[in-house]
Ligand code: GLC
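One chain comes next, on its own, written as structure tokens: the form predicted alone.
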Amino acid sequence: MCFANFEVKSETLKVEQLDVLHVSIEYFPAAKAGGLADVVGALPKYLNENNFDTAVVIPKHHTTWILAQKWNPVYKGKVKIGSKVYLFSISSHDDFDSHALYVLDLPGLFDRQSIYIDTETGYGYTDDHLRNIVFQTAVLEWLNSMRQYPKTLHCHDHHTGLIPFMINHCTQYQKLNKIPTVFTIHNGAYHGAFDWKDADLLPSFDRNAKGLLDWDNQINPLACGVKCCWKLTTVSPGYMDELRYDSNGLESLFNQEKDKSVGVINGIDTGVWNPATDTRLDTVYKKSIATFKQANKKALAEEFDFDIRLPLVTFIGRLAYEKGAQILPDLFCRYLDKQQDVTFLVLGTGDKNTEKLLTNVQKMYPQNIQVRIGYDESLAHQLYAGSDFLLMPSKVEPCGLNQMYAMRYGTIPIVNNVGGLRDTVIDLQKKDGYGICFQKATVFSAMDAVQRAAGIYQDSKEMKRLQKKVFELDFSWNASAQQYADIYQTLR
């Protein structure tokens, strides 16, 4: 199948002896749209610290970071998809010490600056199912060429959900079928389903196994991954529970496969998110949490011109329905109509109508609302450090990383009690609690929570106690990486 091979280099030999190969569409810092990138960027590093030889392969998106790197070519190949032949190449990164990173170059399919959104139309790419099929098939073609295979394949989200099926039921990849597969769902709302008329895009497969591809009369990569993987994980125990009663039609499947399922809470990379060394901050942490918080809040107040004496409640993230962003304009208006004892600050981009409404609300209450449309990684770090509270009114939150970043920097979370938020934030009213939780992603529930926060802020002693409490919590990857290491060991 391969039309050419580069001379096999040491990087390729390393891959052939891997304990785990992660296959993903996203990876931080190369290509990020959400939490998937953060997880795939951090977990391999922590696994390698647990003596697992781990690598990652992603498509070669034309992001600024990827194009700026030096890449070492290690393999060339081709795959036939339908009636068309796609040439591809794989290169490794020269400067990664903790784990190997590989990019798979597919000209015409992934050589785009945006991972998911067509920048000309503002909508998702219309050829996503084709792109994902070619990527997965090319990865398997590469594996087929190896003298020794990775001991485990770890596939992430629906973009890679066909791999466990293909290594078992596609003739040309069946020699890979003894490799254990772990399939992790980061966001079960997206299934990647496409019509059966495109079944010929898949490599030749045993038609007796077509039921493994099917869900609701479509080819459903997410459902296929759930059915065919050896072990199914999600990014929190709470989200695993939720998928069994709310997963866009796959509820019965998640209940059926519960014996091989486990929720593993994500961690955060405490090397990147370190208040004592974070170069993105105006002031790093030294000895006093209160001094650290006040100095960074002052820097924000100078940039955004708000009253530093008021509690700062921040929203950071996509302005999307699942994040509860649609309630923010009404929440801000209703709250500030009654009292102006809080400053709200928003950093995010997404739904254009929500963006417009937030901008309009800012004009109505310029002293109490600041909105920054877009995303700025450095500003996000500064906001985690300088805010008093972080608001997450998510309707769906498989794990959530923002609340962990916030607490790492001494910021108290205000969250809807769903998914991973339920697993990581304990309400103040409970024993050993340290956050503010509400039960529905509604304007009125969120208003009550913000009022609780404003009340707590008035008690400086309690605020300092809570800041210290959340600051000292451990949300590193250490425990989670060990859980994954144990999973890999049991599959061998």
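Start at 1 and count along the sequence shown; that's the residue number. The model shown is predicted, which means the values in this text are computed figures rather than measured ones.
The discussion below concerns the form predicted together with this ligand, not included here.
What is the one choice in Val56, Leu36, Leu43, Val425 with a heavy atom within 4.5 Å of this ligand in the predicted complex?
-> In short, Leu36.
The single option of Ile133, Cys399, Leu391, Leu312 touching this ligand in the predicted complex, heavy atom within 4.5 Å = If I apply the 4.5 Å criterion carefully, the residue I get is Cys399.
If we take heavy atoms and a 4.5 Å cut-off, which stretch out of 173-181, 391-399, 368-376, 300-308 is in contact with this ligand in the predicted complex?
-> In the other structure, the partner sits against 391-399.
This ligand contact in the predicted complex: Thr152, any heavy atom under 4.5 Å = The answer is no: Thr152 has no heavy atom within 4.5 Å of this ligand.
Is there a heavy atom of Asn266 no more than 4.5 Å from a heavy atom of this ligand in the predicted complex?
-> Asn266: yes, in contact with this ligand in the predicted complex.
Evaluate Ser91 for contact with this ligand in the predicted complex, applying a 4.5 angstroms cut-off between non-hydrogen atoms, and reply yes or no.
-> Residue-level check for Ser91: no, no contact with this ligand.
Applying a 4.5 Å heavy atom distance criterion, does His186 contact this ligand in the predicted complex?
-> Although this ligand is absent here, His186 would touch it in the predicted complex, with heavy atoms inside 4.5 Å.
Heavy atom within 4.5 Å of this ligand in the predicted complex: which residues of 456-470 qualify?
-> Contacts from 456-470: none.
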